[in-house]
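As structure tokens, one chain now follows by itself in the form predicted on its own.
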Amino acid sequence: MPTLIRLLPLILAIVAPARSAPTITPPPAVLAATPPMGWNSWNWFNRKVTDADIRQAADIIVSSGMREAGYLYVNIDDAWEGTRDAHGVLRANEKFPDMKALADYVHSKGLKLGLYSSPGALTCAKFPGSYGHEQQDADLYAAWGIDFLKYDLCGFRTIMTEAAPNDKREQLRLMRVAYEKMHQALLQAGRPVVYSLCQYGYDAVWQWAPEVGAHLWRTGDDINATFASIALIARGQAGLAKYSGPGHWNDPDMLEVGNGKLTLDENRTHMALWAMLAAPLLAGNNLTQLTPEITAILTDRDIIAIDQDPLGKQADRIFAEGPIEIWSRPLANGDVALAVVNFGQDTFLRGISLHLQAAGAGPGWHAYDIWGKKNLGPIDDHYAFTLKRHETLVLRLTRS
């Protein structure tokens, strides 16, 4: 009997059913772990966008190779809104007869659908905003299957000034409260939604936007399809790198690549600068008129790899003299991305130091010319190059 007692634990262990391994719940995925990529309707369609336009955009994003390159969000900007019913529920207007069906179509393409609203009673285009209906709208977006929300201050500015006409600090507090209110509504609705603040950089938004749940926030005024606008916005990002990183991004506004009368060099410079800035890449062109040259810029894997680098470090400006600026950013594998930009009107002929040490690299590092698609071999500060008007040299530097 004593022997049996001693063996009893072993016997029970043998005959007892095997226990399954404990279930480990993985941490939730970080939304916008890299800068969101996609397309937005506003720059090209403005208020005229329709359901058919969005479906066609989704089709072309797939057929052009843009989806494969990383462009996933198809975002409907302002002018989709209709009226609210007797219960306050917002309906889309006649241009969008079935938003749930549209979302299902976009999702069937392996893409995601985004919408636009405002914390004000009206949007920029004077359609109904979300003021007083935040939870209703967030629940509606979740029911439709919306994946991205651009929330534009526009109509709320009137509310701010009327509530505190002589108190700027109180106005700014109200703005933050309004953005936090929609953040909480989106959380309550239960669907993961990338939350994009559009309030033009007011109140140093980069310092507090993550506190109200934002994944990206506009850092300045609206862009337009001129090189002057692109250059002004890009140069204005200097000093903001420390506020950007995985899950929270400075947003210099949508891409104008392929729009207006931008030259090939200007389109490349625009794309290169946004990639260096770890900016969201939201194309805004007419996808039905994609040319091979514009498609090549938008889908350039080397440029996109810089933008989407998982380290998430935005570039800093390390040199500026006249029209020439040099920006650099560290990459996750120890490489360094370097961009030398000619913002001037003339071809830049004379030599200039690459400032490799300031960039975090050094003599002897190997360089790859991204636009030229060629290995340059070991490089030093005295590498000779010529930059045409509004052209950018983009190098990926690798330790030898």
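Throughout, we count residues from 1 along the sequence that is shown. Predicted model only: the values in this text are computed from it and were never measured.
Below, we refer to the form predicted in complex with a small molecule, which is not included among the displayed structures.
Of the candidate stretches 77-85, 169-177, 274-282, 204-212, only 77-85 has residues whose heavy atoms lie within 4.5 Å of the small molecule in the predicted complex.
Taking the partner from elsewhere, F319 is found to have every heavy atom lying beyond 4.5 Å of the small molecule in the predicted complex. Taking the partner from elsewhere, Y116 is found to have a heavy atom lying within 4.5 Å of the small molecule in the predicted complex. Contact check for W44: every heavy atom lies farther than 4.5 Å from the small molecule in the predicted complex. Although the partner is absent here, D307 is not a contact residue: none of its heavy atoms lies within 4.5 angstroms of the small molecule in the predicted complex. Residue C124 is the only one of C124, M160, A241, A231 with a heavy atom lying within 4.5 Å of the small molecule in the predicted complex. Proximity to the small molecule in the predicted complex, defined as a heavy atom within 4.5 Å, singles out one entry of D302, D222, D98, D104, which is D222. Taking the partner from elsewhere, every residue among D152, C198 and R218 has a non-hydrogen atom within 4.5 angstroms of the small molecule in the predicted complex.
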